[in-house]
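Okay, here we've got a single chain as structure tokens, the form predicted on its own, with questions on binding and movement later.
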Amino acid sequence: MAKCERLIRASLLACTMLSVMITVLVVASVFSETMRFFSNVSAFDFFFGTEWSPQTAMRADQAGGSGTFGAVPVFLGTFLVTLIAMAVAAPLGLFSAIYLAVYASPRFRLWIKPVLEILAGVPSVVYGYFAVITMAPMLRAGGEMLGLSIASESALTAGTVMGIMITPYVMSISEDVISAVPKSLSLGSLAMGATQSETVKKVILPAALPGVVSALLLGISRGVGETMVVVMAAGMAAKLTVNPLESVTTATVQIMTLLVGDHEFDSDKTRAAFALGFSLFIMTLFLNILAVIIVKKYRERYD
């Protein structure tokens, strides 16, 4: 029995170390290519430049641009689309989770939650078709009624559809977390004379804050990493704009563009994709650290 236990512990340790090793190798490979890119391209120009035109000549005898790698329009487009997506997904997902966990009857929750979670399994390319065929014409028609000119490919269209796509993730995790809050907390609040809505706002949501923050972070990560919806609904032009009615591009779209096709791998144009990917990794890491700090401070008030 002791030998079996040791074998199981060794297997679990090996799996854990393998996961850590894979993570380290992934980060190291992206980091090494990023450093090679910055050895030829100024990091200042990359992070603060306002013109993104990565086309370069592949051979000395071939005509082509010298390449301009100012990533501000790319990061700005990523931020804009993700912001619109979370403006849709955060209230829809959170309010749906509150209703299912607090107000809905057990019978209704039993069948409606799996139906809503089906949306999480729909391929992103299907959402892209939905954005192009349904959402874009609908938004353009609504914009014309209001006297607004909305491009056929716009950040608003991509962000709205991406928000619909993210909503099931936010809803499912938030509902599980809210349902896991001890009933004694809500019953005690109700016994003191608080209403159901006051109990949700003052007791349940503060207790479920870590899980809700995790759900929102997952939604942000999902939005930052989405490609197909943005390609089909927002376009691929890198524009320095914060107007949601215009076409924009995101970092993941540019990564796909730089790596797909017949390209020379050992070039600044291709390595720019690694620089964008590593930048997204740093941004996601920063968001996770910030969320941990916020949750820790908030927990100290309620422990």
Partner chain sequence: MIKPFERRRRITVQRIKKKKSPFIYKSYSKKPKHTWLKKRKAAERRFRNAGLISILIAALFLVSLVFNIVSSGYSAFTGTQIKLSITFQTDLVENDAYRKIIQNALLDVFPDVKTRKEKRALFVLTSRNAVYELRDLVAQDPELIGTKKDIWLPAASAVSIFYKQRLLEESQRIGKINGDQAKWITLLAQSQRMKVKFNMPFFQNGDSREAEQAGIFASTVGSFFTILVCIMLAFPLGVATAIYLEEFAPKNWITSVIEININNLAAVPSIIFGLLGLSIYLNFFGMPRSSSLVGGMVLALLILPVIVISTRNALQAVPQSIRDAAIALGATPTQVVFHHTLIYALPGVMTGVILGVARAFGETAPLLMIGMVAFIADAPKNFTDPATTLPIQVYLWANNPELGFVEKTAAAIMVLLGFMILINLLAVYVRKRYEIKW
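Residue numbers count along the first chain shown, from 1. Small disclaimer: the values here were computed from a predicted structure and weren't measured.
Beyond the structure shown, there is the form predicted in complex with the partner chain, which is absent from this document and is the topic of what follows.
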Quiz item: Is there any non-hydrogen atom of Gly225 lying within 4.5 Å of the partner chain in the predicted bound form?
Solution: yes
Self-check item: Contact test in the predicted bound form: Val122 vs the partner chain, heavy atoms, 4.5 Å
Solution: yes
Quiz item: Would Phe37 sit within 4.5 Å of the partner chain in the predicted bound form, counting heavy atoms only?
Solution: no
Practice problem: Would you check, heavy atoms only and a 4.5 Å threshold, whether Ala180 touches the partner chain in the predicted bound form? | Solution: no
Practice problem: Please pick, from Val30, Val242, Ala237, Ala43, the one residue with any non-hydrogen atom lying within 4.5 angstroms of the partner chain in the predicted bound form. | Solution: Val30
Quiz item: Want to guess which of 104-112, 143-151, 208-216, 77-85 is within 4.5 Å of the partner chain in the predicted bound form, heavy atoms only?
Solution: 104-112
Quiz item: Are there residues in 11-48 with a heavy atom within 4.5 Å of the partner chain in the predicted bound form, and which are they, in order?
Solution: Leu12, Leu13, Cys15, Thr16, Met17, Leu18, Ser19, Val20, Ile22, Thr23, Leu25, Val26, Ser29, Val30
